[in-house]
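What follows is a pair of forms of the same protein chain, given separately as structure tokens and numbered structure 1 and structure 2.
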Structure 1
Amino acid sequence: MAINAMRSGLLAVGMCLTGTAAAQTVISIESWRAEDQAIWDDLILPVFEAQNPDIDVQFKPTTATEYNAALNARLAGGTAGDIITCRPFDNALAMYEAGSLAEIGSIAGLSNFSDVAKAAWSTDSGDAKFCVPMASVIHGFMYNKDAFAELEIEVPKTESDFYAVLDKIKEDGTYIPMAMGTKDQWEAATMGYTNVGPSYWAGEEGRLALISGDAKLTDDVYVQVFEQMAKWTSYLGNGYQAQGYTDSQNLFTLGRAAIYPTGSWEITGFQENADFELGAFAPPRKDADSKCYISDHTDIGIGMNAATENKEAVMKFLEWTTSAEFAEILTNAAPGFFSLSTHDIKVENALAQEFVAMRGECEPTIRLAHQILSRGEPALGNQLWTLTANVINGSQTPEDAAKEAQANLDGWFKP
């Protein structure tokens, strides 16, 4: 009996194995979010695979800084994955124009996204869409709540509050006021310049004015932001010039720094590593009467490799990413990445809620240089990295940096 049962059991298992192996389509996802491997493997993909047993989805990320270069090389060599995680605007657009990304406008679920979200992955005319919007990240500052309580400081609201807080932390000396370095350069621009900048150039107004040619980077509002960056220098830790991104992260999560200019994408990692209360506040407004602005950046989209051999399976997966179910899992499995869909999703993570709350108070905009301004040589997005780092390092004056950025932009950009 037992032997018989075992035999039939084995037979059944064997049939299952051969059955699935024959019918399953394997598709893979290219992504720069290597940190999210576990979230995709354990929480997101099993749900899809349970509903579509004939499709096996694999999440295959590359390190963030290598992603664009590696992906383009793989696309050119025909070895890229079936599904491509898209950077917003110019970068994905260039991939679409090069024929690497497929048009996916036929996906019905795209109606679940606002036009603003879709604009990040459409051609300028809006006719063709090449990625499904996935998530946005919100910029702001995280702070060590314990440190703030210990020093009896309130969360700053305006620029003058902000510097008062920093002065107080510096005077006390227990904590480094702000954890940021200039070694990797992108932090300076992303966490500094484009984080606090919208308050000065009035968010979308200032961003669109640059694109239309009505404003120049040498205008006061943009130079002021560089001036802010120059002011930050005295609040950074010793040797910030050789301090990289991971150094800053560690400095903050080890409780040695009080404030960390950042974005919501850090939530998961920081909550795992920090053993103190974390809080978040929006970039300071210019003064009590002015509006506040946040960079609520359409950061991640997901599209199809035009050369994939599994179009049907990929489309099925992309369709699923437009669903409320996916939005819900993503928002709560990866707190800090806020679904761009219009589904009503409840954010459960407390720190993520603090970031979402900023949307209620402040006007949203996206990162300054991502749309159109990064299409030429040099791409303004990259230029800002080096220039902001230079300003903080004191090797370039704010006026100088602004002048260089504008001159470079003038070199190729016609509004």
Structure 2
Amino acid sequence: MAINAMRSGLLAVGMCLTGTAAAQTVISIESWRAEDQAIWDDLILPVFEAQNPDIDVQFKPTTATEYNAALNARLAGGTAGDIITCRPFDNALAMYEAGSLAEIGSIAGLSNFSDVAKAAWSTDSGDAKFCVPMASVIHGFMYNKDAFAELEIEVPKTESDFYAVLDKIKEDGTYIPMAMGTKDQWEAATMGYTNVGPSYWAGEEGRLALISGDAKLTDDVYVQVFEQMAKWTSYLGNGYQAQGYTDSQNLFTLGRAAIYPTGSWEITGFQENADFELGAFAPPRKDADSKCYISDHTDIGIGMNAATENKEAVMKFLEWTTSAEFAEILTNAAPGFFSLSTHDIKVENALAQEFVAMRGECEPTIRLAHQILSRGEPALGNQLWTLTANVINGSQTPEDAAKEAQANLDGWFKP
């Protein structure tokens, strides 16, 4: 009798719990950042759900290399999540134009983002918005503070300072001046050409001039960046041509190289693996009288699956992602991925703070080829990988690399 009573009690509890669960709206987030599972599960979603107990948000990522194909298949099959984590520019734009991403311009909190931030997830005309800007990564240089102290080196501010530092490190011989290889090609362009380039083409001014047709890649300001890449050759150490991305990471975190051209996305991994103090500095100015520019690249947005049956819950969540509360949680939970909002937030990680402080000193821009200029074949973004690696390897001159890039762009791009 007692057992039956217990069973009846458990059944009643189960029915109560089932009823509670049924009252909740369950929505899921598609993402390519599987490594962020704990961040979302433990730090971000509990805050939103505490304020919105009627909504259960589930983070369901896919491996980064499989994300685009898997997401498109789920969208086509009607099984994709309610919320879509958006890559910038053409990838997300194609999903919007295909009807997979909803227009979300009515979200009031979008006023908390700059036009540059919103451009990554807007139509070319800017009339439609389809993802909330979420996070950017900032390009620059990391350095071994212990090595700098040992060699009595000051952080460089200008181009001449930068090469003086590299020369001193090379002359001493204890450290490889810079850890970067050309085997994988992409880092040559991403951490080389488009890292220091904005100081030459004046950031957004030069990027937008290429899109409008008022500038060409054969203009001096773009060729000069290839010339800088050619100057890097003697500072990369022996065998850099066979050195892949992970090789460069290891050289730096093991303390064998003094400087690493990179971006803020490396913060967490490097702090876990390096046993020395890390510092960061902005890409050097051309000279003391020149402006400082950084690539504060729009990296991650978040939008609504146009086919979701839970639009009200999704819009409530997206509105929350425009808040100062979300901006601060995200920035501190994932050091190196900085909120794109204009909210004044406290950055707790000291190295992340060094990167974000660059925003106060330098004018922001984004990677040169990511908007419009990589829509044809060959895509300018991918072509710059090869051309920059060729210039560093000495197999192509800066002038020839610039001519090839412009010739191929002329083949399909009409301003």
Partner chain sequence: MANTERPTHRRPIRWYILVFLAPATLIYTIFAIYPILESLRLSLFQANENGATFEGLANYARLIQEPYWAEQFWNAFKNNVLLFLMHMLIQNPIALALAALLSVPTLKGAAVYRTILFLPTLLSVVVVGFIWQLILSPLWGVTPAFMNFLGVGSFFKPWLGLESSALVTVTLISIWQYVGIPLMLFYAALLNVPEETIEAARIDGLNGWWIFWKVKLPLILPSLGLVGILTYIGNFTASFDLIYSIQGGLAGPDYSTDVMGTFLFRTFFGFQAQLGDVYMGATVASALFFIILIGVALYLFGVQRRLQRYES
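Here, a residue number simply tells you its place in the sequence of structure 1, counted from 1. Treat the numbers as computed from the prediction; the structure is a model and nothing was measured. Here the rigid core means the biggest group of C-alpha atoms that line up within 1.5 Å when the two forms are laid on top of each other.
Check: Which of the two shown corresponds to the form predicted in complex with its partner chain?
Finding: Here the form predicted in complex with its partner chain corresponds to structure 1.
Check: Comparing between the two structures on the rigid core, is the C-alpha shift at Asp184 2 Å or larger?
Finding: Shift of 2 Å or more: no.
Next item on the list: Could you tell me whether the Cα atom of Cys131 shifts by at least 2 Å between the two structures after core superposition?
Entry: Yes, because once the rigid core is superposed, the C-alpha of Cys131 moves 2 Å or more between the two structures.
Item checked: Interdomain rotation angle between the two structures - two rigid parts, degrees -> After superposing the larger part, the smaller part appears rotated by 18 degrees.
Next item on the list: Superpose on the rigid core and then read off how far the CA of Ala306 has moved between the two structures, in Å.
Entry: Superposing on the rigid core gives a C-alpha shift of 5.6 Å for Ala306.
Item checked: Rigid-core-fitted C-alpha displacement of Ser31 between the two structures (angstrom) -> Looking at the C-alpha of Ser31 between the two structures, the offset is 4.0 Å.
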